[in-house]
Ligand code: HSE
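Take a look at this single chain in structure tokens; it is the form predicted alone.
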Amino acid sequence: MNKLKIGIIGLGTVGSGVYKTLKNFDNVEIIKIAVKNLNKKRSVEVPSSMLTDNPYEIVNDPSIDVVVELIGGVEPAYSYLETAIKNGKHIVTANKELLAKRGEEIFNLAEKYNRVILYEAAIAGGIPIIMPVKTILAGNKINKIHAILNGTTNYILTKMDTEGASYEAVLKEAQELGYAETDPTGDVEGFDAAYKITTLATIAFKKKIKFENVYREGITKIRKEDMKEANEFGYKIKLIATASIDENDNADVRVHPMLISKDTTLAHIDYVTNAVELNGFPIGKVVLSGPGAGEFPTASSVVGDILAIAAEFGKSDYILPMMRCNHSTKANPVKIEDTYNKYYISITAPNAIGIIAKIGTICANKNISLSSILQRGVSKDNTADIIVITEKCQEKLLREAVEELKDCTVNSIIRVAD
């Protein structure tokens, strides 16, 4: 049997999982692994002869068929993969940032050199989503995606919800447990989920989505009071990566907290679990859920991609055609201010006669209908906590209405899922 020769760049958590998993298969062989520090102690024992601290030894090695990139970031990862493709190597990657920011370039290069790039692990960890969309769901016109794509933020929001704790307290706990990085910005400010929804929407809609056109808002302003109020109104708060496209190819792609009805599946996706909900014709709605990160869940997707190449390698001059980039037109980006949403608004207002009427009048003047408005008593400082939930309205008008609430403090504005 001719074994598929593999070179791996990166031997961190995911790389270690890939190494351990690939040992169970006799049709692939790991030739070399690039690491930053040759002397670092690792959770996996690797022969020293297999290690290098120079990734170019891998991408320039003529004996290697597939380069597996697991280091993340745009550079130097892009340069490594560019060289590998030009040297005739297929690519497996888990690099969501690279795909979101320079995916078009790298896919065009791969097509030019007749190489395939597989990236199942870059979207939802261990959840199979790219291959199902490209194959078994290929007969569907997918027009909407709602997804929970970041385990760190989902863990934090779940703990805030179940324990009534503050964001700051739960973040600290998550860092101590290893669920959140020392610098959690990439997760809690929504960057990670934004990278993932950029690529997922591009694949699902068959239209190019630019990362810079994806609206992004994190969870750092979510309060434990918002969690309590959301529950009382029949909702949960989740960081949702959402994308929709209309018949004119206008694509609304964004990441931000949302109030999700307790009647929906996504409302019950808790802790580090991820989920992707696809809507389209003829299938309707389908939800895929599972572990979105971690050593073996992510390794599962990486190894699946490697084995997909192994099964086709040498049998055709153009392997895995369904998995290749097959779209050339760009979607028309929709600006967040032009979108229509329902909103949850938490307001602290002076306890004065007519304050609720004033809020109602300001909203009415902006063509904003109110679904619910509730006052929570009067505090010692003679202010009242007021919760407003609107009907669907334009974001631009909602922002204008909030600007006119000059006598009030707006604590939170969170969009509400349809």
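A residue's number is simply how far along the shown sequence it sits, counting from 1. Just so we're clear, the structure is a prediction, and the values are computed from it rather than from any experiment.
The next section is about a form of this same protein that is not shown, the form predicted in complex with ligand HSE.
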Location of ligand HSE contact in the predicted complex, chosen stretch of 84-92, 150-158, 280-288, 100-108 [non-hydrogen atom, 4.5 Å]: 150-158
Spell it out for me: taking ligand HSE in the predicted complex, does every residue among K96, D187 and K196 have a heavy atom no farther than 4.5 Å from it? yes
Using a 4.5 Å cut on heavy atoms, which of E229, E120, D192, D252 is close to ligand HSE in the predicted complex? D192
From A165, M323, A293, A308: within 4.5 Å of ligand HSE in the predicted complex by heavy atoms is A293
